[in-house]
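Just the one chain here, the form predicted alone, laid out as structure tokens.
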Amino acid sequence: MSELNLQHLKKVYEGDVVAVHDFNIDIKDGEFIVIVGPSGCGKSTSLRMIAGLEEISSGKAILDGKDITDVASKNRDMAMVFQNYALYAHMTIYQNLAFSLTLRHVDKKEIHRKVMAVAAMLNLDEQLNKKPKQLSGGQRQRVALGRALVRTPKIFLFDEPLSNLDAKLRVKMRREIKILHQKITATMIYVTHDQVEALTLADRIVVMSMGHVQQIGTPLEIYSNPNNKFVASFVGNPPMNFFYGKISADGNKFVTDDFSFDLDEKRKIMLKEYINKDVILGVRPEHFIPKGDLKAKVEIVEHLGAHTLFNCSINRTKAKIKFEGWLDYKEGDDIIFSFNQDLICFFDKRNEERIR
């Protein structure tokens, strides 16, 4: 069992600089948690507090019922995989994999058994006598993973492990990490700035901004039901479209300077307290419908195979619209559309919180 409870974690640096505010989460045994957010949001600092590499300014970290807040990192039974691999260049791959076990004076036969088992799992069998410089980036990242795996720790920690790889290799390694988690069913906490990694890997995602946790939820919850405009804008590629306007005086329409449309009955009820008030409409590119009474002018067409992405203008308002299929439009053409109102979001303009 490897459950981790983080209670009101806070990190304050010299000069009263708060890097992380009130981080709370209960992580279940075997869960894959991804912490995602832009650079400087506090995600790596949060991971380093969990690992014991950063002192916790206030709050508690509880691992399997034991308070580890002040426990040294080497005694927390966690293994960390770093962005830059952190391999020992003068050692062979076998020695790199065995190093942590050697330090713990594990029996040589047991070390060999564990190293060979991990090497087989990660397809490194034929690389064991090589040095790190002789391997590709993907192979070196697998060695870094393997060095963590041989320890069989309670929790695996990943600090942007794929950011140094090219796009094709990132996709491949992402798949391998997912398969690995399914095989060993270990508790994993993974930090990234890449929202695609978060959506594809996580059981639950923690979205952070400016040191604050914005939302915790499954990938579907984060994507479909964002708590606020920041979460809606950060998760999703292409990003969500935002249109600034207000609810009409009779409560029947959403109105901007460039277009308006009739609200369905559910949206009228939801927005009844916002009559004649400013709101923000959020629409993902795939939540446009290719029929209706609204019109957009095509500026750029991007064919994506199964979909076509249009960069458009609705009068003076810019929008990205994605329809299924390879559609034959060109610059200057008009697209007729409406919105799938079951899937659109409205945000309060004052605090950018989602209106539910």
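All values derive from a computational prediction rather than experimental measurement. The first residue of the sequence shown is number 1, and the count goes up from there.
One more form of this protein, predicted together with a small molecule, exists but is not displayed; see below.
*Asks:* Identify which of Ala19, Ile25, Ile335, Cys345 has a heavy atom within 4.5 Å of the small molecule in the predicted complex; exactly one of them does.
*Replies:* Of the listed residues, the single hit is Ala19.
*Asks:* Check whether Ser44 has any heavy atom within 4.5 Å of a heavy atom of the small molecule in the predicted complex, and answer yes or no.
*Replies:* Result yes; Ser44 sits at the interface with the small molecule in the predicted complex.
*Asks:* Determine whether any heavy atom of Gly40 comes within 4.5 Å of a heavy atom of the small molecule in the predicted complex, and answer yes or no.
*Replies:* Result yes; Gly40 sits at the interface with the small molecule in the predicted complex.
*Asks:* The chain here is shown without the small molecule. Which stretch in 44 to 52, 317 to 325, 301 to 309, 284 to 292 comes within 4.5 angstroms of it in the predicted complex, by heavy atom distance?
*Replies:* Of the options given, it is 44 to 52.
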